[in-house]
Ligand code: AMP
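In structure tokens, one chain follows: the form predicted alone.
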């Protein structure tokens, strides 16, 4: 079985062809780049997706060596995400599914991160840290759903990095630039708000404090270093507490911020203290991509045979991961 997966929740428009045994035959993307110092404007990003859609789709099929006639199902990211961006992917998916008479499968974007990460790392029953621009959640699978054991109380860690990066004049996403500057620091740490409530974290006060330091002319390398150390220590503490509570012997990190090496180091130490093994989603698939949508759609369809009629296709900007039934995972 072959699935074409279409991803369009935020700045990335991606198409991938994945087979039912888990082989990714193609992974093509085009990323909207905001002006320096700016964030992602949904209208501009959606316009980018409309312009990039046909070329990315054609290249994905070409790279996989297939045509639409060979595709068995079409999956698309139905949410959560930016409404205008989601609609571009949904329109492309329903057009293809309707014209070629293929089953249409809506996929929860966050679930896609988890399921693809588990497939690529061979993690079987992990505690998961999902960290991206749209999510900061600690999750474990229980009784047919991914359950939340901790999350952000305000902004996500991805938003924290992006918003601070924009004050330094960077364009979103800013995580990579901040990581580069942090590595250049001599290790001068400045005390910043550290807020962990149970297994939940809060980043808004940290953002305010580090932005104030930057406005006062503190060296950017030191502010980035201090920001990372504080935010990631908060996450590592919450993860370690959740590991102790759940007794999980596997811990997996997925999402765009999973690419940060310092975060992986802190989580490695936390896992070591709890006797757990750390799995990190491969860098190539840490960010948004069509493969996460295609792989999840395959599992959904193979297990349930559920599809939706083209006229019933939908997007849902706010779609909680812990409301999604995952019948194929035992």
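It should be emphasised that the depicted structure is a prediction, and the values quoted were computed from it without experimental measurement. Numbering follows the first chain given and starts at 1.
The protein also exists as the form predicted in complex with adenosine monophosphate; that form is not presented, and the subsequent description refers to it.
The closest heavy atom approach of residue 200 to adenosine monophosphate in the predicted bound form falls outside 4.5 Å. Residue 106 falls outside the set of residues with a heavy atom inside 4.5 Å of adenosine monophosphate in the predicted bound form.
Adenosine monophosphate in the predicted bound form is approached by residue 259, whose closest heavy atom lies within 4.5 angstroms of it.
Adenosine monophosphate in the predicted bound form is not approached by residue 229, whose heavy atoms all lie more than 4.5 angstroms from it. For the candidate set 222, 240, 250, 162, a heavy atom within 4.5 Å of adenosine monophosphate in the predicted bound form is found for exactly one residue, namely 162. Though adenosine monophosphate is absent from this view, in the predicted bound form it lies within 4.5 Å of a heavy atom of just one residue from 89, 81, 112, 175, which is 175. The three residues 132, 179 and 287 all sit with a heavy atom within 4.5 Å of adenosine monophosphate in the predicted bound form.
For adenosine monophosphate in the predicted bound form, the listed stretch (295-303, 66-74, 45-53, 279-287) containing residues with heavy atoms inside 4.5 Å is 279-287.
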